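Two forms of the same protein chain are encoded below as structure tokens; each is given separately, as structure 1 and structure 2.
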Structure 1
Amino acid sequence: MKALSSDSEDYPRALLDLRDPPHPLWLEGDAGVLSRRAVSIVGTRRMTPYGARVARELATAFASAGIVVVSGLAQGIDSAAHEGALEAGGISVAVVGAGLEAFLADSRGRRGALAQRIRDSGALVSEFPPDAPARTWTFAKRDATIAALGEITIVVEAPAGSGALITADEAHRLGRTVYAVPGPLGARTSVGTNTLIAEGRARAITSVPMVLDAMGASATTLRVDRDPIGARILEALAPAPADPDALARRLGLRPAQLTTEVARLVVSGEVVCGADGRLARR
């Protein structure tokens, strides 16, 4: 474990934009990734299948373009974003709301395994001493750090009062561009994102390439590889659009596996997602 002082060569300059930059910043992993181009993707713990798919698609696209994906390693949208980046062969950074030793001691099962994967290729970071427990106020500070590390912040799903909205507000204060994913009217998980858009505090995302273009990473430059699963998906969609769950069952794929492959096909422009949630071959 490393402790980076604010005057250290490895300390990410982006964090100096904060009113109270972390000092020191505790890290496990590669400090070098903190100075690379990054996007912050955040959202609710209680995500919908739609939110999970969008978070993975976005993370896959950015990771494939060589952009680091930053999030908070919470359940839900955060974990979906980390997983999408890693499954695309990219790098992710997790900013946690407790000391690293305390966080890892409490993280078991799927989240513990995900933390290990993030640490192996990217970094786990915290602004709190290694044994510090999580508290309500530590998550608010963590959210500000997430906002500072990303060139842009994307809120995928967020109910009213969600911590993801704190990240969006801090990103706005820092002068970073904020994007939000529009959701169905009345959907609890989209109240926050729709409000951000309606009040002009975030730009609405209408497509993955739109956000890539905002960072100068055109979808045509992505490393999208053709593989047997992708070919099977395209073949299955040739006759007509299909619901993702039905398509996964038909092909014998895990939902997460289908989501990752579909994300690559969306990025490459070979598959589109309709307003009704069905997938269609372009």
Structure 2
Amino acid sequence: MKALSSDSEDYPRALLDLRDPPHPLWLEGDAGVLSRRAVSIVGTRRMTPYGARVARELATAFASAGIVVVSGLAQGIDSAAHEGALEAGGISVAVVGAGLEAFLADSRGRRGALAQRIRDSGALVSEFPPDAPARTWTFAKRDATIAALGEITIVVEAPAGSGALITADEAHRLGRTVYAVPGPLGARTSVGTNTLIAEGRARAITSVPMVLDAMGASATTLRVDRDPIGARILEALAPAPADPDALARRLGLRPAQLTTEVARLVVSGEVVCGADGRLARR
């Protein structure tokens, strides 16, 4: 574990924009990644499957374009963003809301494993002494740090009062562009993001290439030639996961007619069959 003082070589310049830059910045992993181009992707812990997919897709696209994905390693959107970046072989930085030792001692299971993977290729950072426990105010301070680290900030899903909105406000204050993923009216998890857009504090994301363009990167996704029914299945699954019967209904087909094509998409990894038996797009 290293402590970067604000006058050290490795200390990320971006943080100096903050009113109260972290001093020192505690770090586990590679200090070099902090000076690379980065995007902050944040959102609520109680995400919807739609939010999970969009967070993952955005992170994957940025990571493939060589841009570091910064988030807060909370459950929900944060974890989905980190996972998406790592899956694409990219680099991710997690800014945690407690001391690093205290955080690592607390996170076991899936999030513990995710923290390990982030440290192996990127970095875990914290502005709090290693043994500092997590408190409400530490999260709020952390949220601001995330905003400073990214060139732009993307809020995927946020209900009213979400910590992700603190990140958005801070990014706005720092003059960083804020993007928000518009959500369905009436969905609790999208009240915050929709408000950001309505009040002109964030731009609406209409597609993944659009935000990539904004950072001067281009999407390098290969378009796979797919038979029309495969494309229709992916399209039907875009808004939300569906059980096979509902999917067939949306496409106007019988479930049996879809089986083979859906299985192919599952095998190729474009669709996942969730633990509850529903199909979801990745």
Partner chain sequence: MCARRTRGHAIAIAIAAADRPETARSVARVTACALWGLETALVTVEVDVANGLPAFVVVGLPDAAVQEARERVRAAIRNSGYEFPLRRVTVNLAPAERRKEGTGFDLAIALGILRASGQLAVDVAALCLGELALDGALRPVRGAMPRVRHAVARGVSEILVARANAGEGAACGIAAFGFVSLRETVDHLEGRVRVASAEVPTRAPEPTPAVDLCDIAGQETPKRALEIAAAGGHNLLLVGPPGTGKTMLARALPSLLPPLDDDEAIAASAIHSVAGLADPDHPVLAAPPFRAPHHTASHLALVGGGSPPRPGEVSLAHFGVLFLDEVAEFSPSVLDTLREPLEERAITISRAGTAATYPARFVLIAAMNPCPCGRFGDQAAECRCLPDAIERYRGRVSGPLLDRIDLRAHVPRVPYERLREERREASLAVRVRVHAARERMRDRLRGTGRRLNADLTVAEVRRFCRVDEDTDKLLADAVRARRLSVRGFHRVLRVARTAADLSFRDEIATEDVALALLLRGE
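Residue 1 is the first residue of structure 1, and the numbers go on in sequence order from there. These figures come from a predicted structure and were not determined experimentally. Here, rigid core means the biggest group of C-alpha atoms that superpose within 1.5 Å across both forms.
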task = Kindly point out the structure, among the two, that is the form predicted in complex with the partner chain.
result = 2
ask   = Core-aligned, does residue 256 move its Cα 2 Å or more between structure 1 and structure 2?
value = yes
task = Using a superposition on the rigid core, decide whether the Cα position of residue 33 changes by 2 angstroms or more between structure 1 and structure 2.
result = no
message = So that I can tell if residue 68 moves, could you say whether its C-alpha shifts by at least 2 Å between structure 1 and structure 2 after the core superposition?
response = no
request  = Keeping the rigid core fixed, work out how far the Cα of residue 243 travels between structure 1 and structure 2, to one decimal in Å.
outcome  = 7.6
ask   = For residue 234, what C-alpha shift in Å is seen between structure 1 and structure 2 once the core is overlaid?
value = 8.6
